[in-house]
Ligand code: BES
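Taking the form predicted alone, here's one chain by itself in structure tokens.
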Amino acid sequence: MIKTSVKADDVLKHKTDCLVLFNPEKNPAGLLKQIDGLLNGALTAAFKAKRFEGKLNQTFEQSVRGLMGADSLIVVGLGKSKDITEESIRQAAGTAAKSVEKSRHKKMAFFLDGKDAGKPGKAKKSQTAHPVAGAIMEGAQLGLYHFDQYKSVDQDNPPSRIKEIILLVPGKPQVTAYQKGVDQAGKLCEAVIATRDLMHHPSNIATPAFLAKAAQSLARKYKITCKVLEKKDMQKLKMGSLLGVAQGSHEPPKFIVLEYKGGKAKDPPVVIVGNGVTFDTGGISLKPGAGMDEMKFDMSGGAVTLGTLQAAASLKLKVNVVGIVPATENMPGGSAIKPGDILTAADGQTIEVLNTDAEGRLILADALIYAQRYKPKVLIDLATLTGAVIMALGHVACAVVGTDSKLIQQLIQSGDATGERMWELPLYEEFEKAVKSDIADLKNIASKGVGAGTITGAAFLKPFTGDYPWAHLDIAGTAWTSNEKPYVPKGGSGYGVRLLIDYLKNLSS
């Protein structure tokens, strides 16, 4: 994490490499008008020439050495004043931070007094101490994320990195509120960064055992309960569906359970189940070679589950949360399951395996059955389950399917608030019938001609959720992306941690 602090200082005299100011789609006013005067109207000229119009994520950069305490100034657009939200501030802060780093500055300072930039208008009431401070820090910290663990460093030309971020406030009375917002955002960002790191490790490192050790380390640091079930434990619990997927791999499976008890002892927990396939070849139903390297991210649901438990514990949320991660590889070894095989899940339901590349739902089945022992308040699962969700929603939003409309709407609202958007898909009876097998209770892919791959994947999971309120999040399109965004890098996004924490905050409040 980059060192961050809040200071009350004169923005015109504050010493820093680069000062960042925000501006909506209107001519410079207030402080910006004053600074524009120091710059002989350079910002006004940029507006008139339409080089900078205050549109969201537009930037205007100018050297101000000798005119101000800062060496350089960046003004970043926020869009129309009426449309400013915490999400637009996050994006603008991420855009600015990347621009500052690209210019090889080491220190940067943000200033936002609310008069020039307006106030977040459309976001729902925030649970953070200071929503603007939190949004700025989230955007900057997450926008400056790098995963360099496996790169050699060029000693003569090392990569330029921001070393310090300061948030300037107009006066000392505001420092405490802003600092609380920054601190809360920092803990959340740490969890997202830990999630992204897990997703970026190659699968020869990030094995099921690696995930289990990461969970145990997390539990020690944040004083939460962790247990890891081994293969023999899964056999005792008759987790035939999970063990069926695991039997083609030399890497032993792990079943990770984390318990955070922040609520009252008798309060039922929110149970989050995350798919932990650490590498997915497709098994005997082998995937094409092109792009298979990205299948290391098939454990994204598991990584997000660990990250969410970390964030909940570090923020000391007043709610009970259980995280469950079934972890295994899906390999085409000589002992691997074959199309046509029948597996028996822990509750006795039988599954005809028609495609071994539909393995995520197989390991989730046993995990969802296990989750029911906690008598959960709600049951949420996350998985990079289907390519079909990318056809439907691209890389812009995840799909949510479930049995409880209130839960789904609460999740959608948290998605809107955090910029981690989702879209509900229907779970009609026809889709549930499409995963009924002729020779077993269920089959792991739907009948030919049904389509709706994302929904039928959820329809398969439904029989393993009991009568508990349940929502399934298919994050295949949002967990990993090839296009860099203002505060989301190429590769693993960590999508889901901020969304789930917002949901849990709302429950605890």
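The first residue of the shown sequence is 1; numbering continues from there. Computed from a predicted model, the values in this text were never measured in an experiment.
Same protein, other form: the form predicted in complex with this ligand, not shown, and the subject of what follows.
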Want to guess which of 415-423, 383-391, 312-320, 232-240 is within 4.5 Å of this ligand in the predicted complex, heavy atoms only?
383-391
Which listed residue (M68, L56, L43, A476) meets the criterion of a heavy atom within 4.5 Å of this ligand in the predicted complex?
A476
Of L411, M199, A346, M295, the only residue with a heavy atom within 4.5 Å of this ligand in the predicted complex is M295
Do heavy atoms from each of D280, D357 and W480 fall within 4.5 Å of this ligand in the predicted complex?
yes
In the predicted complex, I35 touching this ligand (heavy atom, 4.5 Å)
no
Indicate whether this ligand has at least one heavy atom within 4.5 Å of a heavy atom of R361 in the predicted complex.
yes
Decide whether K80 counts as a contact residue for this ligand in the predicted complex under a heavy atom distance cut-off of 4.5 Å.
no
May I ask you to check whether I445 falls inside a 4.5 Å heavy atom distance of this ligand in the predicted complex?
yes
